[in-house]
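Below, in structure tokens: the form predicted alone, a single chain.
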């Protein structure tokens, strides 16, 4: 049951619309932007993935070295120790590497269709060893004291959740890793509940458990505890392999409405919804049986990694409408609108 109203201008951003920021690189993908409103404009904090222009017979990709400089690694495609079966990850002699290096790049728009760069707001790159494979998939929570950015830190040793807060995207306060490995898909609630801050996150356990959505609470948005699992994968369904939170939830009269992603064993990514209790967000009131959005458009089915719709950013355009911006096929950026009441009706509440 796909109830998304797609923008007829989709895709609204393609890799060819921007120039690479890293010397000697090309943009391979635009992915999963965080979204915020500032100075009367809509801003997307894109995940931009870059790599060297590929040569025949060779796979090359960038990493940050111990000096914090970008270094290009090259491997022959004929090397028997090389596993290049996944376009996103390279395996070599027991070590995994990403095929691209991601950073966060802001673009803005007056009409939500035509986006441009503003030189006054700079890209955000990884810093230090724990971000040496890049930073990815930022969620932006807009609060009274500024913008709070949660994102994935990637390195040779782990994947965890980093935090930055800022009032103007010029001065950035980096708080480091707030959810330790293996963790990602972290989205902060944009207001306190009962005097506490809450966040979604997704720890992963390969041996016991799985890729599930959890909720944690905090006194200060930096130190987190009282973790509770609220949504697991469901055997035989569209979200059977992994689930993860999207952006901050929307407050409605019936509860906190969270648009989340789920994938099956074939890595087909769809969107669904969770409804959580307003006073206790660890209590799930309802959950989508069928997706509210599926990869059915051609640009969602074919690309760098096909059959993917993935969102971690939106803003509310009216009492009953949210506009999401999403990555399609891990390559292009699109937008769509949802009716809040229509989502709630699918949840039978």
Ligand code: MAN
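Residue numbers count along the first chain shown, from 1. Computed from a prediction, not measured in an experiment: that's the story for all the values here.
The form predicted together with alpha-D-mannopyranose exists for this protein as well; it is not shown, and the discussion that follows is about that form.
- In summary, the region of this chain contacting alpha-D-mannopyranose in the predicted bound form, judged by heavy atoms within 4.5 Å and restricted to 226-234, 247-255, 116-124, 84-92, corresponds to 84-92.
- The listed set 263, 216, 98, 177 contains one residue whose heavy atoms approach alpha-D-mannopyranose in the predicted bound form to within 4.5 Å, identified as 98.
- In terms of contact with alpha-D-mannopyranose in the predicted bound form, the residue from 199, 154, 149, 275 that brings a heavy atom within 4.5 Å is 154.
- When alpha-D-mannopyranose is considered in the predicted bound form, residue 105 lies well away from it, no heavy atom lying within 4.5 Å.
- Within 4.5 Å of any heavy atom of alpha-D-mannopyranose in the predicted bound form lies no heavy atom of residue 164.
- Using a 4.5 Å cutoff between non-hydrogen atoms, residue 159 counts as a contact of alpha-D-mannopyranose in the predicted bound form.
- Using a 4.5 angstroms threshold between heavy atoms, residue 136 counts as touching alpha-D-mannopyranose in the predicted bound form.
- Taking alpha-D-mannopyranose as it sits in the predicted bound form, the stretch 24-51 comes within 4.5 angstroms of it through a non-hydrogen atom at just one residue, 47.
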